Structure formats: C-alpha cells, structure tokens
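As a starting point, one isolated chain is supplied in structure tokens, in the form predicted on its own.
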Amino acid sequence: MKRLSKDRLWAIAVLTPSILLIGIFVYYFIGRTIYVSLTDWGNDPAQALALNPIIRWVGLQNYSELFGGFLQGRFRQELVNTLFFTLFFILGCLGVGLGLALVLDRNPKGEGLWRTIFLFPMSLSFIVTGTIWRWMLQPQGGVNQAPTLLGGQPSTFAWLSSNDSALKFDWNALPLITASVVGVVLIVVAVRAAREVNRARMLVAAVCAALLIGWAVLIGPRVKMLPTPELHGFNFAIIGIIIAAVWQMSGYTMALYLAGLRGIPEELREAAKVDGSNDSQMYRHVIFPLLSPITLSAMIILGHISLKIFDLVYAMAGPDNVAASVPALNMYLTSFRQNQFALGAAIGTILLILVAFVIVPYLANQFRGEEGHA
C-alpha cells in the first residue's frame, strides 16, 4: 500500500468534515424525502404530528394521486405554469440580455453607468422584486394607469389574478404529447449522429424514437389519466411574474454575453469584414456561434432557477392564488400548512427529478469536455 504523504493526510483531514456534512444534510435528506414520499405520513391528520406516528408504506400512491387524483388539479396546473414560466423566462432573459450586451459592446457614452443600472436588479432579492412589481401591477394603479399619461383609458387587465388562459390541452393527452415530443427529439439526435458517422448512437436513438412514436400512435390515444377531460394551459396570471423575473435576471445574462463578446478576438471580426461580410452576416456566422457555450450555460442556470421558483411567486401572487401558483409553493403549503408530509415530499421529489433533467446532462457534458482537454 502506497504510504500517504503529509500533504495528502492534511487534505483528507480538511475535506472529511465537509464530505460528512454534505452527506448528512444533502444526500441523506434527499434519500429521506424520497422515502417519506412513498409512505402515507400525514394522510391521517391525527397521526401527522404524533410523537410516534404510524407510517405505512404505500409505494407510488402519492405520485399517482398527484398526476391522476381528483383533488390535485392545482398541482397539475402548477406543472403547466412552470413549463410556460420556464420557457418565456429563459427566452426573455436571453433576448433582453443579448440585446443589452450588443449595445454595450459598441462602447456607448457612459457605458459603466449603464452596465451598473442594468445589473442593479440582480442585487435585489426575489422578495423585494416581487413586492415592487406587485405594487406596480395592481389593477387600479401602476402599469394599468400608464395609458392615462398619453390621454388614453386605464387598462383593466388583472395581471396577477386573471383566470383567462391560452394554449389549452386535455391532461389526458399528456402521455401522448410527451411521447411525441421526446420521439421528435430522438429523431433529431439520430440525424445528427448520422451526420457525425456515429452508428451506435444513431441506431439507439432511431430505435427509441420508433418505439415512442409507435406507442404514441397505437396506444397513447387510449391512455386516460383522469376519468373526465381536464383542461390546462398558459394562464395569463403568470405574465406579470414572468416580466418581474426577466427584469431581475436579464442583467445577469447581459454580463455573461458582454464577457463573451469582449473575449472574441478583434482579428476574427476584421477577417470577416475582409471576406466581405456585413454586420448581420458577421454576427450570424461568427459572433453568435462563438457565444453558443454561454447561451447553453445561461439556459441551464435560468432553467434551474425557474423550476424551483418560490419566493417571487409568493411575494407577488400570495400563497392561495391557484392561477399563478407553482409546485414549490404547493409543496410548502402541503407540508407545513396541511401537514401532509408524504404528499409534500412527493412534490419535492418531482421537482428534484425535473431539476436533475436539466443539471445532470449539463454536468456530464462538462466532464466529458474536461476529459477531452486533459
């Protein structure tokens, strides 16, 4: 056995407490939450806060209740809210951040002041941001009164309490929609693998896509998660929350893009101009492709934030506004207001899985990249 050096022993001594604390307070509690989600803890109110509660193993019953139970329509609408919030939040932050970075990259007068102004919202907490925007989006004031400054009529749009929605779909069609979307993604992966002459990846992706699309065509239409149709869609009550979130985080994406733009050698821009490219062609074929790693990193970080958003929604819409609610808020209310710990743990586990879908592929890609450069 190779003898441990003094430096290695010091390294082990310093790292061991951190490893133990992370193991206990992160991974043990993740495992404990998953275990609780498979029990009935809290379903009986008399046992929820008992000193020695009687807890029974119920398997996946809590998950089945969330996705197909008659009383859990709120959770299903929250999942749909999260999907649309994530989509428009990421698109808004990337678009506004890139636009601001392109303007600042041209060295306008007072660039330092503008950069500070654009970054300032990021220094605020989501609670402060939510309070400010809740005041601004009140039905009788703030933004709705802006048209009167130009002599128009005040708006009556209910920013945070609207029950109107668009892009509605039946929850029973969710398996069919999911299988179709994943199947199309796998087809794209197979085509890219074919172009890269990666035969194994192409075959695996093509077979999986064929199975999924075949299931979607032959079996999917007959799968019913609920006995009756249940419509969900993009609820207009989350538009105000999306605007507030984009206002706060677009400065962050601006900083990322500006750093990327300043890191592009001037020789590349001059070479593109010498080759006859105008500004539009230079950005399309030179600048934007070089910024793609920054875009991917920003999407991962913003997606991670959007999936676990809680405090901004709580500050703007309150805990009982179903139209604008999100799963993290429901998890808090289910666990600590209703004392249904198992059901709350199941919601938390679903959020963990959603975040893992975003983070794990990104980390795997980063590790492969580091090994490739080693």
Partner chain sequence: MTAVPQPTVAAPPRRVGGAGRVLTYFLLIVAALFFLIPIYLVFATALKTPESIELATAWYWPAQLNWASFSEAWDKVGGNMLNSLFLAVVATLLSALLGSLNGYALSKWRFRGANTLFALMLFGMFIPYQAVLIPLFQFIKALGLYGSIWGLILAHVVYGIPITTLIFRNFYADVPDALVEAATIDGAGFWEIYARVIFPISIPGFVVVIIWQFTQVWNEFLFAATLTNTGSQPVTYALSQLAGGQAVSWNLPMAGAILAALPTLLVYIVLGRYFVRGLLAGSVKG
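Residue numbers count along the first chain shown, from 1. Computed from a prediction, not measured in an experiment: that's the story for all the values here.
Another form, the form predicted together with the partner chain, is not on view; read the next lines as being about it.
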Taking heavy atoms and a 4.5 Å cut-off, does residue 81 contact the partner chain in the predicted complex?
-> no
Closest heavy atom of residue 42 to the partner chain in the predicted complex, within 4.5 Å or not?
-> no
May I ask you to state whether residue 76 is within 4.5 Å of the partner chain in the predicted complex, using heavy atom distances?
-> no
Give a yes or no for residue 67: in the predicted complex, does one of its heavy atoms lie within 4.5 Å of a heavy atom belonging to the partner chain?
-> no
Among the candidate residues 301, 179, 190, 98, which is the single one with a non-hydrogen atom no more than 4.5 Å from the partner chain in the predicted complex?
-> 301
Which of 98-106, 230-238, 200-208, 82-90 sits within 4.5 Å of the partner chain in the predicted complex, heavy atom basis = 98-106
Taking the partner chain in the predicted complex and a 4.5 Å non-hydrogen atom cutoff, the residues of 43-63 making contact are none
